[in-house]
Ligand code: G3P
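Quick setup: one chain, the form predicted alone, written in structure tokens, and binding and motion questions come after.
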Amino acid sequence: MKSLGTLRQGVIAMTATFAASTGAALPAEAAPAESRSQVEEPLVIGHRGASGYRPEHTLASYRLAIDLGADYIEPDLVSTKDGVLVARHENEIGGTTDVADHPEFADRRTTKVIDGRPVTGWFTEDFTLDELKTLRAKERLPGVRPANTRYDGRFEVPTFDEVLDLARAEGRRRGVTIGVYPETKHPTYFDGIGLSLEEPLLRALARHHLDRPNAPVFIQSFETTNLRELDTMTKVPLVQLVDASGAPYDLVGRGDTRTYRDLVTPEGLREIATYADALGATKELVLPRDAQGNTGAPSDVVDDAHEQGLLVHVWTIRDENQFMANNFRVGIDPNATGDSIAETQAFLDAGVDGVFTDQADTAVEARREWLASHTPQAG
């Protein structure tokens, strides 16, 4: 079971690290063990790097997110055939690499059942790292982000170790601490094929001296079983991801009928707090939308999570209209830029402790304005 006192100390230590490197003021340490308040300076988490500006999960994307002011960068982790963790949104890589242009790999195209659904394409677990390194990344959403396609074919698929090296090097160059926020993708599936994600993830953190409670690391998962396993293996903070619909696949696989919605009830959050340190909630769970697609008053999720001592990080804020509630959209073009500054600030007003974003510069500016408006004025 996670100790809330230990969690609070770890969060304070992480905040102190950021404060020491950036000159930010430290928050007061007064939160009681059974509950917490919103952190004084919510985190900006570069979702798959700066995926609004570069093909996602590339070193170029992560580097740009750091340049734009992200506190953390987020690699999704899957395994190669030889057990190396690499950063890809999914283990199916037909949509994010040029693998279809490699005739030598044509016979690797196949259909697999991933988390109960058939998926056709090419899969990282069928390639060695050396083979994957012959591929190049491409933009996953070319219709939404056509400007990113100019970078197609330029960047490799990075390993987790390379991401950790980048975060350390870029942090040292800037004199700041850059955190890393890895997600284990499809952990039940990878366990089932003998390529468990948890052990190599923790070994990588240990190699980089990040296997400690106050390390600038969060480990996240949509499943629950591997987080419970990780809770016995590491002191690094853990994050239970929750969607607005569906259920964790590990629960589905064993006949447990609980859904993500059940996990964010007060009872569900109490259970999460026994093995995790934070809740990674989709936006609609925090700011529900009405029948017209507009957001209104915040739900109880943030307050209920804080009551259990959990941090709350919300995902994912993007600049394009189509990814926003109607009241933040500008015009009718789904790919045009909406008011994501206002959207980000609405979530900060709702009490979240961090935001995942595809455009870190927008979120950093939103946070700057929000902090200025919330700073007590000298009288």
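Start at 1 with the first residue shown and count on from there. As the structure is a prediction and not an experimental result, all values here were calculated from the model.
Separately, the form predicted in complex with SN-glycerol-3-phosphate (G3P) exists; it is not shown, and the next lines address it.
- The partner is absent here; in the predicted bound form, the one residue of 323, 315, 328, 53 having a heavy atom within 4.5 Å of SN-glycerol-3-phosphate (G3P) is 315.
- A heavy atom within 4.5 Å of SN-glycerol-3-phosphate (G3P) in the predicted bound form is found for one listed residue only; from 72, 123, 222, 190, this is 222.
- Only one segment in the set 334-342, 42-50, 58-66, 347-355 has any non-hydrogen atom within 4.5 angstroms of SN-glycerol-3-phosphate (G3P) in the predicted bound form, and it is 42-50.
- SN-glycerol-3-phosphate (G3P) is not drawn, but in the predicted bound form it has a heavy atom within 4.5 Å of residue 185.
- With a 4.5 Å cutoff on heavy atoms, residue 250 does not count as touching SN-glycerol-3-phosphate (G3P) in the predicted bound form; it lies far away.
- In the predicted bound form, SN-glycerol-3-phosphate (G3P) sits within 4.5 Å of a heavy atom belonging to residue 241.
- Mapping the unseen interface onto this chain, residue 235 falls outside it, with no heavy atom inside 4.5 Å of SN-glycerol-3-phosphate (G3P) in the predicted bound form.
- Contacts to SN-glycerol-3-phosphate (G3P) in the predicted bound form (heavy atom within 4.5 Å) from stretch 86-120: 89 only.
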